[in-house]
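Take a look at this single chain, the form predicted alone, given in structure tokens.
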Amino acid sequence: MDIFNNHRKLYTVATLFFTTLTFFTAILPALKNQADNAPLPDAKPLSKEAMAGKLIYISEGCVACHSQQVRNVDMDKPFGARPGMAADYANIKRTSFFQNTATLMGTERTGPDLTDVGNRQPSLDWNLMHLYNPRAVIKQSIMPSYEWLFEIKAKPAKTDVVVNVPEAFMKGKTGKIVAKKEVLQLVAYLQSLKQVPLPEGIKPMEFLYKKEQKEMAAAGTKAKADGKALYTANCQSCHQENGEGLKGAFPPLKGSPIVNGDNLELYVDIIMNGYDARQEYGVMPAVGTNMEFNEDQIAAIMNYERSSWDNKAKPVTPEEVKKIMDFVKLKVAASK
């Protein structure tokens, strides 16, 4: 047995041994794992624009502050309707031939999780404003601005996407702020981040540590929806804490004829299905539908808005809202 003296035989045997071990301990398990965790039926691959945006997301280091994983703890519920699972990442391909798969799950949350941000904040106008200057929409934000992804034009072309930045954040610049191709691609990627619903009949993993709900259930009481908290979490980034919105971008709720008026059907419809009937303002997403608000939550938001910022409209009841919600759902279904 001269294998240890014959380097040719030694390296041949070692190579065969290493290759066999690699096949059984790495390749086969990986193939089985890939088969067991196929993408969910409704999962969609990234578009060309969204894929380009993902590369910008990586190059700008967004993963340093944002995660993309919903843990199975109750505190993560605002980020997604269910905890994350392996199938959520099964559709992610290699970044390039020389670059490995980038799941971008992150390790910390200096900023909020982005797993379902495409549903939480699908507005193009809001995302562009937020990237140009985060303080324009969230006063306390510590996120850096990405002004280099925009340019200033005296006379934008018809095909340009103009960002209606408030005067206070223009810093003396004159002209119009126009979104570059790169930032539109980045927003396309952010808008693509949507948690895919599980197939019908399959129940998701439950969120753990529902301490508050358990205590309320034990006491035999029903949790009352907090209108201010719901407004802060879902509406304030556009309409602002003072209800005055942002001129040229998001409409004010203070003194709004819709908020203070008697046309509750329109009011509920806007919260549930969004609004796109004002050229001077950005498109409002379907917040109520995306967040699956019930009549108690919508009534709480409406009553908070109707009684704040000098608004003095008559309160609404969940029963009134429920009837309107059912009617609006039927109307939307009939129009499809």
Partner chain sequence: MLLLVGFLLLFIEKTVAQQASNIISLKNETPIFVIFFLLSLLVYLVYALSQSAKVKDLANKQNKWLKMPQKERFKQYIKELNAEQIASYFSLKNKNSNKNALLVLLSLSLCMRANAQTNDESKNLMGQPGIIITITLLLIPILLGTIFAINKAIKAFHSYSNKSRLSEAEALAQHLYKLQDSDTEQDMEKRQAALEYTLSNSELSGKEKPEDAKGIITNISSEHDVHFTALKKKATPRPSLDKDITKLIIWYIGCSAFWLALGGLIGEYVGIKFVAPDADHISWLSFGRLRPVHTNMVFWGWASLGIIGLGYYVVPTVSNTKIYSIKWGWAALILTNAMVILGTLSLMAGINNGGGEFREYIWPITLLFAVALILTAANFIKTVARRTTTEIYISNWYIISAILFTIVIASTAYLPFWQNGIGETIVQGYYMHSGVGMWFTLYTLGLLYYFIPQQLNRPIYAYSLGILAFWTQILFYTIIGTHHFIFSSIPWWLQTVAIVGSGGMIIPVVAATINYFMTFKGQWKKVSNSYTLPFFFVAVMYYFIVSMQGTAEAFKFTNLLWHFTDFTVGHSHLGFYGIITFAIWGGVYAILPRLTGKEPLQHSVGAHFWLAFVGLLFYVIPISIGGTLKGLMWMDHKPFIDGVVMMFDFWLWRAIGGSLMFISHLVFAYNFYTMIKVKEEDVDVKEQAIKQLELITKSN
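For clarity, a rigid core is taken as the largest C-alpha set superposing within 1.5 Å between two forms. In this text, all values refer to a predicted model and were calculated from it rather than measured experimentally. Numbering follows the first chain given and starts at 1.
There is another form of the same protein, the form predicted together with its partner chain; it is not shown, and what comes next is about it.
Contact with its partner chain in the model of the complex, judged by any heavy atom within 4.5 Å, is made by just one of 249, 81, 235, 143: 143.
Among 160, 265, 244, 74, the residue placing a heavy atom within 4.5 Å of its partner chain in the model of the complex is 74. With a 4.5 Å cutoff on heavy atoms, residue 258 does not count as touching its partner chain in the model of the complex; it lies far away. Contact between residue 151 and its partner chain in the model of the complex is not found at the 4.5 Å heavy atom cutoff.
Proximity of residue 138 to its partner chain in the model of the complex: non-hydrogen atoms within 4.5 Å are present. Residue contact check for residue 167: none of its heavy atoms lie within 4.5 Å of its partner chain in the model of the complex.
The stretch among 59-67, 43-51, 307-315, 266-274 whose residues place heavy atoms within 4.5 Å of its partner chain in the model of the complex is 59-67. In the model of the complex, its partner chain lies within 4.5 angstroms of at least one heavy atom of each of the following residues of 4-35: 4, 5, 6, 7, 10, 11, 13, 14, 15, 17, 18, 19, 21, 22, 24, 25, 26, 27, 29, 30, 31, 33, 34, in sequence order. When the rigid core is held fixed, the Cα atom of residue 42 travels less than 2 angstroms between this form and the one not shown.
Residue 100: CA moves 2 Å or more between this form and the one not shown after rigid-core fitting.
The Cα position of residue 61 differs by less than 2 Å between this form and the one not shown after fitting on the rigid core.
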